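Just one chain follows, in the form predicted on its own, and it is written as structure tokens.
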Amino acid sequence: MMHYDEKVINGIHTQGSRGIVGFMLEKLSKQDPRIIAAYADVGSRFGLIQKMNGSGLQVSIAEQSLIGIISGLCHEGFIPFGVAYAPFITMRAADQIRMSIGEMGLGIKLIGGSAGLVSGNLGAASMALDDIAMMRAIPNITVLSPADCFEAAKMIETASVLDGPFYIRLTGGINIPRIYYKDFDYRIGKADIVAEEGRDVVIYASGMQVYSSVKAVEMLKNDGIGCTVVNMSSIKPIDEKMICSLSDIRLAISIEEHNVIGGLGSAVADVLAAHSKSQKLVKIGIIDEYPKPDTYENLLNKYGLTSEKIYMNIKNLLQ
């Protein structure tokens, strides 16, 4: 695994949620020529055209074909990354993923950019709000959602050296708030407590909502409400031990840019039910509907996914 000093980490944080893909794959492909990327007409958006130096394949707007192509490359000994916008690389290619990746267990790494609400101005078809639910339900696939650019870099590197299929879900746009400032040991299936201000509430968050939750906890602290924020970047496998260790807290909240059905909140609920925990869980996200087109900021506000709305929601729940 690569070592990341402060200068490199600072550079990674300037890449944005999509640019980090090309940035990392360029470095990794130089170390291991088996690493190759195929992308569905998004090369310029993910920094792939500029970075991959001939080892990137443009398959045009054909996500279903992309899965078949990288499946063949995997059979030939390559370590292929398939890159596209999240709603299209998952839902449009669902059957191909189910058969070629899930059933065959091929070591394919899928990266879905612009997940959640960030493309909300383009309408519901461009919002990935059901991708976690689908990918969780397909056997053998590891599902990850990084909190910031550096964690995304660590995930991409980790996926490149581990066997089996991966889906990495990237939320947010260009300016991604930082959660991690120093190098750390990223481990699949492990959650990370990123704020620990008390045990009145535990917040399970993924993607950009980790930062929003941390900021909300700072406001709640001023009101005498102590919360713990857990970065659940590994959604499948999920950290059951962490969830059980925090199940004595009276209120748990899941926060995600995803339908509240089938996403992170459902994964947490599955663990609580399996271990007979009676903790109350409130799921904050998109409540089983197709959002109407709007700006990212307005949609986050509408669905209670800003730090201010999270703050108010928790206060109301405790009252």
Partner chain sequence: MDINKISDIANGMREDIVEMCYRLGNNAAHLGGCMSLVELLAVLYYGHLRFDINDLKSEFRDRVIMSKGQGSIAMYSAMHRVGIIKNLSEVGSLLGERNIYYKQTVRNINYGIEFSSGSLGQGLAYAVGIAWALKKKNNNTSKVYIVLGDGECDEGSVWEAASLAGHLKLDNIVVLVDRNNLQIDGFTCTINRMNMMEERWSAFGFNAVTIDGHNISEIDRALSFTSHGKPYAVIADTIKGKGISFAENEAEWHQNVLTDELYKKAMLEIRGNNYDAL
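Positions refer to the first chain, counted from 1. Since this is a predicted model, take the numbers as computed values, not measurements.
Quick note: we don't show the form predicted together with the partner chain, though the next part is all about it.
Not displayed here, the partner chain is kept clear of residue 186 by more than 4.5 Å at the level of heavy atoms in the predicted complex.
The partner chain is not drawn, but in the predicted complex it has a heavy atom within 4.5 Å of residue 95. Contact annotation: residue 180 falls outside 4.5 Å of the partner chain in the predicted complex, judged by heavy atom distances. Under a 4.5 angstroms non-hydrogen atom cutoff, the partner chain in the predicted complex lacks residue 259 among its neighbouring residues.
Using a 4.5 Å cut-off to the partner chain in the predicted complex, not one of 225, 246 and 277 places a heavy atom inside that distance.
Annotated contact segment (heavy atom within 4.5 Å of the partner chain in the predicted complex): 67-75, selected among 190-198, 126-134, 206-214, 67-75. Out of the listed residues 219, 238, 141, 106, 106 is the one that sits within 4.5 Å of the partner chain in the predicted complex by at least one heavy atom.
With the partner omitted from this view, the residue of 42, 59, 272, 251 that lies near the partner chain in the predicted complex is 59 [heavy atom within 4.5 Å].
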